[in-house]
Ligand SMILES: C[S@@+](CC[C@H](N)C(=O)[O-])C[C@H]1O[C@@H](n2cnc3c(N)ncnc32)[C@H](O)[C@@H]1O
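Single chain ahead, written as structure tokens, the form predicted on its own.
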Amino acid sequence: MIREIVYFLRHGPSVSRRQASMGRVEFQQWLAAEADKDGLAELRSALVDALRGDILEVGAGSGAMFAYYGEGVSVTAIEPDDEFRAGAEEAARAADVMIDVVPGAGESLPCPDASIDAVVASTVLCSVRSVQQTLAEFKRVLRPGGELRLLEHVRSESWLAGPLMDFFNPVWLHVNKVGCNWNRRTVEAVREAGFRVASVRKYKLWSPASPAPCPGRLIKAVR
């Protein structure tokens, strides 16, 4: 925990200054590119590895995930923010697969029941209004046997760090300015929503561009 605090104090101020000097989309694109160089790219690739069929990506942002999809997929990307959706549309035009970018939010997906082979979300459940409602929507649109793929940072399992994350979450919300909660129990929430968790890969990303190195989980689950 001490190492994480020192890391944040060392890199956080410069990232905050950069955020203040950039537009919202430009800053997120810079952050994604830097984090990818520091190890996030491998995690993104593993997130969508071997997926086939009709894919729904929720909370696509400016399209940072689009370059990682392989052959055999048809992707619909949901993004509620107009600015970020414009960035995602630009990224979709450069992608190697067909990606349709549409407006929408995780709590109310614009998809019929049981119409999707896999739902993909990367650092989305940390910022939705209701994790339970969002997971219920994921389950609704997935076909029986469909996959849920999540790349999320989560509340620490440490007896000390976990309560500290709870206590300082309001401060973190003020600092990050994008509604990101760092203390959500995402693996437990996926199970409680009725998914079968097939695998959970633990990771921690140390990137100066993303100076709060929270515990992360790459979650693969099945409807």
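Computed from a predicted structure; not experimentally measured. Don't overthink the numbering: it's just position in the shown sequence, from 1.
FYI, the form predicted together with the named molecule isn't displayed, but the following is about it.
**Q.** in the predicted complex, the residue from Leu150, Val75, Ala118, Val128 that sits within 4.5 Å of the named molecule by heavy atoms
**A.** By the 4.5 Å heavy-atom cutoff, the listed residue in contact is Val128.
Q. Can you say which of 80-88, 110-118, 140-148, 93-101 gets within 4.5 Å of the named molecule in the predicted complex, counting heavy atoms only?
A. Comparing against the named molecule in the predicted complex, the contact stretch is 80-88.
Q. Closest heavy atom of Val58 to the named molecule in the predicted complex, within 4.5 Å or not?
A. Val58 belongs to the contact set for the named molecule.
Q.
Is Met165 near the named molecule? Define near as a heavy atom within 4.5 Å, in the predicted complex.
A. Contact check for Met165: no, nothing within 4.5 Å of the named molecule in the predicted complex.
Q) So in the predicted complex, does Gln133 come within 4.5 Å of the named molecule, heavy atom to heavy atom? A) Contact with the named molecule, no.
Q.
Against the named molecule in the predicted complex, would Arg44 count as a contact residue? Criterion: heavy atoms within 4.5 Å.
A. Arg44: contacts the named molecule in the predicted complex.
Q) Using a 4.5 Å cut-off on heavy atoms, what residues in 105-126 are near the named molecule in the predicted complex? A) Residues within 4.5 Å: Ala105, Gly106, Glu107, Ser122, Thr123, Val124.
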